[in-house]
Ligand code: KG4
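In structure tokens, one chain follows: the form predicted alone.
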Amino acid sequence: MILAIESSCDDSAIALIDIQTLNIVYEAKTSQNEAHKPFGGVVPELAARLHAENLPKLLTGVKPYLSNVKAIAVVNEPGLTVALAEGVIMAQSLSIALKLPVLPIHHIKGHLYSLFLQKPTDFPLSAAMVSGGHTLLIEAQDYSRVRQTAISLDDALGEAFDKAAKMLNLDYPNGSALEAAALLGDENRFGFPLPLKNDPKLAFSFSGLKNSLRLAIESLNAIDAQTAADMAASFQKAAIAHLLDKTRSYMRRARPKKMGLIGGASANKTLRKRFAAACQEFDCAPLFAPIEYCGDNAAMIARAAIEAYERGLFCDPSKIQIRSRAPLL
């Protein structure tokens, strides 16, 4: 089995996957939402301290399987440096204690492999990565050949959702609160602009859209619950339209046969529905991770690590590099 550790942001997670059957044998995860809620966002130092407390507790469930573990996988990039460090320290300790090799895993590759939990891979494919930290398009031939084809020039989609929810005084976690409010709103009430509409550049930008929401809020004397819901729906509509406008441009040029949607924001049901419709326009098969595995989790890291294990991509535990930003190539 592969034992995987995920601590790139504010979720502490551990999972075991059987190398041959691909079955998830064990998984455990602790959310830090309540701890960060008073601050309206993730506080890195608090996240690191909670990882240090939570990861050892989650590890206790692995004890019955330790004799079958062949390698330790851990996310080492990208993410919050102090949060990543807690997972890496645990991986290093386990490697020494159990005399097992370590597999450093790129966080975005983990999300890519969330498409293949408990089933074989299906490469080549393209994917849109949408989360609080990343919005990009990627092309993957296999585990080792993955490249970025487009990135956000400023905010990520998930970050834009979070900030919009905060401006509208919605609940925390912000992204899911925005989606919930949008379900109750009129997405056509406010006409927010489509970012980079006339720009041929294959890139994303959400900062201007976020500023348009701020100006709309400031133009009103007060915002009742229905107006907040209408703004949430209108903002979500524009943000998704922009993402899909650029994704369509990519599909028109590259003509991928399969297009995945990955990352925490890919749990948004409106986005999933409209993404699937966009793929169908280009005779492209849409791929989705299960809703419960869209956010950060250790199962996807373990699944990616099986590919790294089979390629022998081990690392000296003392030389694992921790990086807050790390391109796929």
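Not measured: the values here are computed from a predicted model. All residue numbers are counted from 1 along the displayed sequence.
Form predicted together with the ligand: not shown, discussed below.
- Within 4.5 Å of the ligand in the predicted bound form, a heavy atom is found for every one of 132, 179 and 294.
- Contact with the ligand in the predicted bound form, defined as any heavy atom within 4.5 Å, is confined among 250-258, 158-166, 223-231, 81-89 to 158-166.
- Within 4.5 Å of some heavy atom of the ligand in the predicted bound form lies at least one heavy atom of residue 267.
- Residue contact check for residue 104: none of its heavy atoms lie within 4.5 Å of the ligand in the predicted bound form.
- The ligand in the predicted bound form comes within 4.5 Å of a heavy atom belonging to residue 175.
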